[in-house]
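First comes one chain, alone, set out as structure tokens in the form predicted on its own.
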């Protein structure tokens, strides 16, 4: 009996050793191109370069990593490139701002479904919404939102996941607003609110920390209203310690209505938000990439969560630890976006068409 057990243990150890050796040999003396689907200098590019810098340390075989930008069509150009041009050899790895809304809406410009790729992992941030205190009839606390009257919402574009989420939230609350899209970055949104062109918008933790916080909230011009937390399978918010003191959207709704939110609009909001918070950015390779390459890249992605140098650099940028999602969870979220309830698609399509 003991002899059989020792043989089994030795066999497993041998297989693990063989796998590790195969992974190391696969990338030894090779170069990996990290493809980014937005231009240099933006949030996606900064984050992708930081991930690439540290992820490279954990890839067996110590390959050289270089970063290449391919902006265009809201991230679709590079996504299509990964599906139709890039060889499935593990030598080109996408770290993208994922075109979630294009998948939800079955945008014909997106030539591939997101489930057509092999996913390595994801990361994201909660989104926080702020409003000028002098918006409408005036607002000094979130309760005043019920009587503030109409205000201008500064949006990015009608198919932006941020725009869809904040419009759905205001519609669910029954708040009157004017949707003003066309602001191409968080810095442009910040400027619009500063100049009182618009009074309300939302941004990631990066936007809150670097723009909305120092320019709008700290000087007393605006207040934070809520943030969109991940909602777990039991319908509970997964609170973010970096946003302590700011209520979640669900908490605001329940405060106003005496019960948790529900309904098809809320289901659409939750689905899109959960996907964006856990994988606003994601990493993948083409389908058909060799197993040893995928295993090595996934292990490297997962290793970031315990890499003290990566964590320190990430915390310096975001004031909190990284929210890293493993490959299995990302692929599960991607599949949910592909297998959508048609009613949810209709809700989002009608919202976008109502611009």
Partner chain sequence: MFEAALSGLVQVTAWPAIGYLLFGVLIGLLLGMIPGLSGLVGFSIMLPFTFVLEPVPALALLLGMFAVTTTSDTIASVLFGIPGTSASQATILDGHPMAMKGEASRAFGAAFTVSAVGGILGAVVLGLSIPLVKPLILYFAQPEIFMLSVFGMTIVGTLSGNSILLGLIAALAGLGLSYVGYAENGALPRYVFGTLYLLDGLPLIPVVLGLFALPELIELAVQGGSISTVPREEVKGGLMTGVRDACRNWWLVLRSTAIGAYFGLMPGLGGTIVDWMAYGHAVQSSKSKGTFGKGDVRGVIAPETANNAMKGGALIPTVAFGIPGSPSMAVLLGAFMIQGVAPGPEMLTVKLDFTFALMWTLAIANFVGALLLLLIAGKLSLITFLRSRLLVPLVTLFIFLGAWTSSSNIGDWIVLMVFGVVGYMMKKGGVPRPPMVLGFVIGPIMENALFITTHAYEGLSWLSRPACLIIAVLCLVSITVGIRRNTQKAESSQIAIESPRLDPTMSLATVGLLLAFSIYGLTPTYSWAADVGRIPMLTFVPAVFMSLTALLLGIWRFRQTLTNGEDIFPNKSELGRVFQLWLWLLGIVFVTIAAGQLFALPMFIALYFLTVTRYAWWVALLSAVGTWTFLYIIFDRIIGVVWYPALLF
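If you're wondering where the values come from, they're calculated on a predicted model, not measured in any experiment. Positions refer to the first chain, counted from 1.
What comes next is about the form predicted together with the partner chain, which does not appear here.
Here is the short version: of 83, 247, 74, 261, the single residue with a heavy atom within 4.5 Å of the partner chain in the predicted bound form is 74. Only one of 128, 123, 273, 190 lies close to the partner chain in the predicted bound form, with a heavy atom inside 4.5 Å, and it is 190. Though the partner is left out of this view, residue 197 does reach within 4.5 Å of the partner chain in the predicted bound form, counting heavy atoms only. The closest heavy atom approach of residue 209 to the partner chain in the predicted bound form falls within 4.5 Å. Not displayed here, the partner chain is approached by residue 109 to within 4.5 Å at the level of heavy atoms in the predicted bound form. Proximity of residue 255 to the partner chain in the predicted bound form: non-hydrogen atoms within 4.5 Å are absent; the residue sits far from the partner.
Within 4.5 Å of the partner chain in the predicted bound form, a heavy atom is found for none of 177, 296 and 328. Stretch 37-45 is the contacting one of 37-45, 55-63, 297-305, 284-292, since its residues have non-hydrogen atoms within 4.5 Å of the partner chain in the predicted bound form. In the predicted bound form, 152, 157, 158, 159, 178, 179, 180, 181, 182, 183 are the residues of 149-184 with at least one heavy atom within 4.5 Å of the partner chain, listed from first to last.
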